[in-house]
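One chain comes next, on its own, written out as structure tokens in the form predicted on its own.
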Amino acid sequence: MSLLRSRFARHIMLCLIGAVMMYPLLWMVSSSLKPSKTIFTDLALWPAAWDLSNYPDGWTALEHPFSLYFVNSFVIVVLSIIGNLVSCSLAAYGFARLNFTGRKLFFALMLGTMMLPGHVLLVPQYIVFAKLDWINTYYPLLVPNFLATNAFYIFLMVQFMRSLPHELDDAARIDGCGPFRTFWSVIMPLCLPAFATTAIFTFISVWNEFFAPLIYLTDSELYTVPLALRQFMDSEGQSQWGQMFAMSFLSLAPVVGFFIAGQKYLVKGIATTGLK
């Protein structure tokens, strides 16, 4: 009986914590259905007055239709996922399965870059991209992903690849496979959970990225969803709150959908890489 009470108490506690965490999302959804002038006066989650026009009005309120910003974000996200999966998996394979001089040193240096604040590199990177004439293009947002610059994803894949039996490499070598053929035909098919985890983390981080597009993109036609949401604020701090919350809610749908679709692989990937 005491065990049953303990489980019941834990479930009640988890439900309360979940309700607290869900409240901002529920408030945003509720606010997207209210007239802008009542959002901060009507604090109830169930709107006293409904205004469904926030969604169609918000979709066309900016200089370009909001569909353009969704397309821009999807292009950047898809290419970033491809870049991270290709480059980080190759780097991880080298650290996890190949023997070469200085491997431990280079791996330690790679991990050390995780402790380097990104803002420290902001000015040097901007100067390099400006000299390459890449400002106001997607290149600064995409090219680094194809050069294995994210140490976290490399580390995640290294931990997964190290858990695979080395006899697989020996068998492939006996069959005449070189390092790249072994990676492509043997290791990569077994790394689906790690790839899915990397893809989900990349999707969430790139889709929500605000600072980098703000720095490198100046043409509103190239804006991503976070920058488009910022356009609902004017220079005096006023905002079309209802429309902004409506578009914010719609912008969450791809992230939630992608996370739910890959949740099984995400849990398996994290469990098998030792990231807890």
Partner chain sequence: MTTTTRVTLPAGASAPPAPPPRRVKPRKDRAGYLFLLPWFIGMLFTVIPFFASLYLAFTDYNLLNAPQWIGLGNFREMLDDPLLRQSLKVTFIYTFVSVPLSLVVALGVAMLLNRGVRGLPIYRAVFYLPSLLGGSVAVVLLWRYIFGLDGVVNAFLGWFGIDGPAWTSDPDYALTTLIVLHIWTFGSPMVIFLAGLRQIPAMYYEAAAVDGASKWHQFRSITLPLLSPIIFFNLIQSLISSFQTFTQGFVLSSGTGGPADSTMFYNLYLYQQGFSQFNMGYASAMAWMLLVIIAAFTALNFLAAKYWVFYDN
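Residue numbers count along the first chain shown, from 1. Just so we're on the same page, rigid core means the largest C-alpha set that superposes within 1.5 Å between forms. Because the structure is predicted, anything quoted here is derived from the model rather than measured.
Below, we refer to the form predicted together with its partner chain, which is not included among the displayed structures.
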{"item": "Leu33 within 4.5 Å of its partner chain in the predicted complex, heavy atoms", "value": "no"}
{"item": "Leu250: touches its partner chain in the predicted complex, heavy atom cutoff 4.5 angstroms", "value": "no"}
{"item": "Proximity of Asn84 to its partner chain in the predicted complex, heavy atoms at 4.5 Å", "value": "no"}
{"item": "In the predicted complex, Phe40 touching its partner chain (heavy atom, 4.5 Å)", "value": "yes"}
{"item": "Members of 12-40 lying within 4.5 angstroms of its partner chain, judged by heavy atom, in the predicted complex", "value": "Met13, Leu14, Cys15, Ile17, Gly18, Val20, Met21, Met22, Tyr23, Pro24, Leu25, Trp27, Met28, Phe40"}
{"item": "Core-aligned CA displacement of Leu26 at least 2 Å between the shown form and the other one", "value": "yes"}
